[in-house]
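In structure tokens, the next block holds one chain alone, the form predicted on its own.
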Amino acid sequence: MTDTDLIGALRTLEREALAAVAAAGDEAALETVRVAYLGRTEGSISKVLRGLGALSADARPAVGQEANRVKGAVSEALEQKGASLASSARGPSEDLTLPARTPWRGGLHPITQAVDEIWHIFRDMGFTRARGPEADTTWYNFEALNTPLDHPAADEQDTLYLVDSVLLRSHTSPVQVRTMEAYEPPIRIVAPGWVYRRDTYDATHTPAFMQIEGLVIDEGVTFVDFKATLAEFARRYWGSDTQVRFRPSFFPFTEPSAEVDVKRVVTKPDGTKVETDWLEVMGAGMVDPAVLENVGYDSERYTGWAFGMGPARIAMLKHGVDDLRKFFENDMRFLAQFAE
């Protein structure tokens, strides 16, 4: 057989092989085609390649080149057909019959919402926002606030000490002292922040919780200003029908001191309105003159008032939640109720 005849035979094998590849309906049939044409022992094209050694030196290059071209074309067709069959076996990459997935919708934590709402109300009444360190000294946490270190609140049973006289603040009141040390009156601040105590984790207590401190210092500030401002806050937060009550109490850094209670008007699903019981929402009072003197203020010239409230408790009252721990268990079914 001449080189021309061999080249013609190779092209015929190419057409047959490509047709057989195209007709293969599955991977088994495709493997049969591969063996028939490219198999090492029985493959038709492989036999031609093995016979190149019997050709003359002049005929061998042309036939070898054509044989390699045909082998490459058939190999490429086999590879493409194999990929197509494998893709069909897997099915479509996307099932367009599935229902659409809505994007994940995040939201602010209900306690964060309470902090923001409280802050916005006081901001509208002329207050600015202040902050202080969570790890503070006994001077700022106790002594400057007219609380001696032999007071029960300063005992290790209640307070988390770090080293020497450094502790995790047990309230946000140290921000009062730091602000008064840094600025001259008039002062009107609210100071949200985390505080820490040796409390048992239960339905009404957590060892770490948010607190919001408020402070007003100026000339001529009276108890009337104190009551009017907090009553206005309560009406803006809980509604215009909210009633406010001030009960005598005691705190080392305020004199006189008061517990602030609110009574809300709640609308039932049937439209009727009912009053709640009195609910305690914060402790407050006029700043003790000793605290003013500890920061270098003239207590004869300046007066002021302060308050402290827990936004988690505020959120519990607002949303009717009966267990504080629900806010911290990261149950998305619970938290999703408060998404804005």
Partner chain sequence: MKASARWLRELVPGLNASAEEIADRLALRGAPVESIVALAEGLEHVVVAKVITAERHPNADRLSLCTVDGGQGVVSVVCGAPNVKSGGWYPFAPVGAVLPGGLEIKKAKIRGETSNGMLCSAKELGLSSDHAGILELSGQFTPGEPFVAAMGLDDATLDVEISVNRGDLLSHVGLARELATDAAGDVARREIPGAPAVAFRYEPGTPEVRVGGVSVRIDDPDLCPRYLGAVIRGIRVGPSPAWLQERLRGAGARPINNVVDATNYVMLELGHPLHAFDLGRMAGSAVVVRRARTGESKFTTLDGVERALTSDMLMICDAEKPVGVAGVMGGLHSEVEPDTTDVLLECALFSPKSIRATRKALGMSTDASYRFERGVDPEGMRHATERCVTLILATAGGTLDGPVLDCSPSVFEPQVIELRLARIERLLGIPFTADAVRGLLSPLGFQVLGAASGGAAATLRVRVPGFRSWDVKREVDLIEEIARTHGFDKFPSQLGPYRAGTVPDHPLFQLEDSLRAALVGRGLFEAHTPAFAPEDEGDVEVSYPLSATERFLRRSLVPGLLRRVEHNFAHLNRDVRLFEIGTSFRRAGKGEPPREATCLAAVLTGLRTPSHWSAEDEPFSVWDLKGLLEDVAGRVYGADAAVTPGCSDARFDGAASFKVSSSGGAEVGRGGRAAKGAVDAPVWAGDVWALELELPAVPAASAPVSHRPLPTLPPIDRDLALIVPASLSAGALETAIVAGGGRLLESVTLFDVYAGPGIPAGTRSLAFRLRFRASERTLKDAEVDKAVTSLLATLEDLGVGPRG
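Please read these numbers as outputs of a predicted model, since none were measured by experiment. Residue numbers count along the first chain shown, from 1.
In what follows, reference is made to the form predicted together with its partner chain, a form of this protein that is not presented.
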- Any chance Ala130 has a heavy atom within 4.5 Å of its partner chain in the predicted bound form? yes
- Query: Contact between Arg245 and its partner chain in the predicted bound form at 4.5 Å, heavy atoms?
  - Reply: yes
- its partner chain contact in the predicted bound form: Pro269, any heavy atom under 4.5 Å: no
- Examine Leu38 and determine whether its closest non-hydrogen atom to its partner chain in the predicted bound form is within 4.5 angstroms. no
- Note on the structure: Among Leu160, Val265, Leu85, Ala73, just one has a heavy atom within 4.5 Å of its partner chain in the predicted bound form, namely Leu160
- All of Asn141, Ser240 and Glu275 with a heavy atom within 4.5 Å of its partner chain in the predicted bound form: no
- Quick one: name the residues from 248-276 with any non-hydrogen atom within 4.5 angstroms of its partner chain in the predicted bound form. Pro248, Ser249, Phe250, Glu255, Pro256, Ser257, Ala258
